[in-house]
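This document starts with two versions of one protein chain, written out as structure tokens and named structure 1 and structure 2.
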Structure 1
Amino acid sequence: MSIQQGSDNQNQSIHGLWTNRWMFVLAATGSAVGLGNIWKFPYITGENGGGAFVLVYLLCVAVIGIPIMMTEVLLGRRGRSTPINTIRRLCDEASASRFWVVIGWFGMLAGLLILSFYSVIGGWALVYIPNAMSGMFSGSTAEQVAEIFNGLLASPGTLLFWHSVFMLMTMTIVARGVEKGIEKAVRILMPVLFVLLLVMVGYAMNLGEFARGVAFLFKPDFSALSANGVLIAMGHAFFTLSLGMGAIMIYGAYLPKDVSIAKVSIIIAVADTLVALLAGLAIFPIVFANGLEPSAGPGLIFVTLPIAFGQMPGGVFFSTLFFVLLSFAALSSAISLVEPVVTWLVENKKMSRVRASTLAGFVIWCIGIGTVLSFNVTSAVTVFEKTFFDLLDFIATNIMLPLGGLAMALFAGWFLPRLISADELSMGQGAGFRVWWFLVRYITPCAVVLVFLNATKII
């Protein structure tokens, strides 16, 4: 693997560097863009009143998402290592307590746990591709589509097979490293993702309900937005950018020194938000044109949309296109979730990248079996009234990620010397740096605490 030297004499990542800033942007955008944008964003927007929710979400991306993303990238580039080793090095450089290494451990473990069930959901998207191609949804009623989905969940063998296929695809890409694996994958996946979304939006524009979909997304009705909806928007802005799990930090470790962290962070946040909005523009006109409910919940993609696809002209083509799109989005995020674990094994256990990828993938695959069985064989087994899947999702995304993001903001804002942050951000001590410094020290931590308290209020 070729190593591009930075402009200083820092130790470079042993795993290589991105060949240019656009490769980092594509990879980090791929990490951020996933099922959360295309599957979750539309249905939580539908459940929380549309335009007002979107407006609050955009504000939260600016106040929470971008400052924490800048923080995570600067930590990664300064440490040039895995999240754990990076924070350890920075603690020594800043003469801070090594307690902060918990940031790296939390992020790596959260990514591993999330991918274990994310892979199962990614398998749903994969199995829907041949279903769509075969015309299975053509002319189907709501009951028939629900039966297809319920039949999938009831079959542990089918779920396990597609979970395995998804994990194999992910680990094959990761095993090839930064330049030969991840870069090549995102060069293809991310541009295709945007093209497919634009095709879907183009189709939605011809349904006769596009104006209604646009109004639903962008015309604020604050009477339809509750206080809880504001907190959900805040939480989704945080989670959709893949923050707090070490993914952006490890990608930052591969970032050349001469690249502006502020610029690429803003580009990634804008691209991630654009994908979510395009998904909404593609989905809501289809929902309205077929008399369906925008607040249908998590089943909006796998249960509700196939009904619409089954009734529309060219439904076989567009349903296939959509689930290919969903699979691409899931795969691009999965790559980043496992990268911190693989690099830690390479650095600390002196494994080859192929062996590290195989071991990490096998462990994640084994944990994922628990999620597979939680939809059928062990569905009646609950802890705190949650199945294995629900409990894993709750712990990883609602507890570990907010704590990781909060810890990063506090470490960078209060314990990492200001000169180190200024050096990595390359913004001088001007207005831009002062805005970031104020946000990461005061505003962002307070906002993350609000998200965390909302997420854990049932405990």
Structure 2
Amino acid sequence: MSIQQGSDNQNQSIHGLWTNRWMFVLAATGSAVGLGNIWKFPYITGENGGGAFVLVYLLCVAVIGIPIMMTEVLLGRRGRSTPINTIRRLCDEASASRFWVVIGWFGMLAGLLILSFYSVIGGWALVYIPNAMSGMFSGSTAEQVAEIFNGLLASPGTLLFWHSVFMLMTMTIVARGVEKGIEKAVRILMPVLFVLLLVMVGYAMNLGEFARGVAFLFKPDFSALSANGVLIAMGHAFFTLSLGMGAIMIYGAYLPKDVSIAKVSIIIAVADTLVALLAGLAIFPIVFANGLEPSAGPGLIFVTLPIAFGQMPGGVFFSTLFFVLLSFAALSSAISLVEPVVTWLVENKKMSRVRASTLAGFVIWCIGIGTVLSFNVTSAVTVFEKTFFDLLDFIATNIMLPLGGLAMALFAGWFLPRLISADELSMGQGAGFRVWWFLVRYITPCAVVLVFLNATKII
């Protein structure tokens, strides 16, 4: 077990501490690397025109993502509790209004909403494991692969079943406690996933359309990017790094005092970004080589990768391995989405972890039914031209997470005494600290507000 039990030392989480910084990096990377990188990044990049979108996303990771990640970790480590209790403690320490506790409440809600649809997509990854094993994709054409995926979407029963399996797996791990569930699997599987993605990029290089894929990803064409696209790029920077809702804050609560927050944050952000870019590099050459549309939507990886697997030597093995790894990556992220709620129920409502997990899991499962149905029975029911799934994703990812991040930046930049931040970041008052301070005080809040105003066409 990698988390030591907490002592009654006031400055230590009641749930213990990571034994070293690598355990934290692994758990936080496990949270960050997930469906967001492999499923979502390629499809939203495809929907928003490619290069310019990628550039804005990368900028958001650097200018907003890394400073907010440092902020979340520092708040978590200082407060050593669930996001709500952490912020409450820090408000008292800083003699600031308790209003800021809203960050914790808002974050818990965002986590519940995101997991409700995340789990349905996690279910897609799960059902593709037996599909891949059965050799279903061997020699398949693009049409046959699309048919398999459309058949899945058209079946609410199958979607509900796999959504239920995914939720059950997540909540079982959570009920057993953070320390036992996460890190063992992540330690082995993350590197394997990385290598497999490299193999797939290697395969894509031989497809003939690799250069076109690279150009699509990295050659910015700003005429293809709308104001809404910029908002989606920013929302995705939060989503992919697990920021703005307290997931990273709660992992920070278990971080030993002597670890450099700046270093670990940069490592996590770089690893996460690399995985997303590799996924893009593997997928777009397949899209172009098979005459598919980059803007195919949420099914993009499920209708492209199986074509490649169906043609490559050892495809059954590689495809099975890929969907197993994708499912694990999704699970390690799902765990962190629900962790703030479960720990809060344990700390504040004195529930056992099992009870808290069952309750939270049931509520999330119920909301997830809305997403299941939005791909079939209620697919024609739209609000602002969005189905239930699209709307939920849009509100939680593009509005709630950036708002949560904005509030954290304002709290740390304007209300938390500078000395406390400097003490936690352990960077002294030198250039590194001043860059962070400037970013969270001015740049991050302004960037988030500008993107919001831009997307609502106010400016």
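Keep in mind that what you see is a predicted model, and the values were worked out from it rather than measured. Each form is matched to the other, and the largest set of C-alpha atoms that superpose within 1.5 Å is called the rigid core. Reference numbering: structure 1, starting with residue 1.
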{"property": "Correct structure when looking for the form predicted in complex with 4-fluoro-L-phenylalanine", "result": "2"}
{"property": "Is_shifted G280 between structure 1 and structure 2 (CA, 2 Å cut-off, rigid core)", "result": "yes"}
{"property": "Rigid core fit then G79 CA moved by 2 Å or more between structure 1 and structure 2", "result": "no"}
{"property": "CA of K219, rigid core aligned, shift of 2 Å or more between structure 1 and structure 2", "result": "yes"}
{"property": "Between structure 1 and structure 2, how far the Cα of G208 shifts once the core is aligned, in Å", "result": "6.3"}
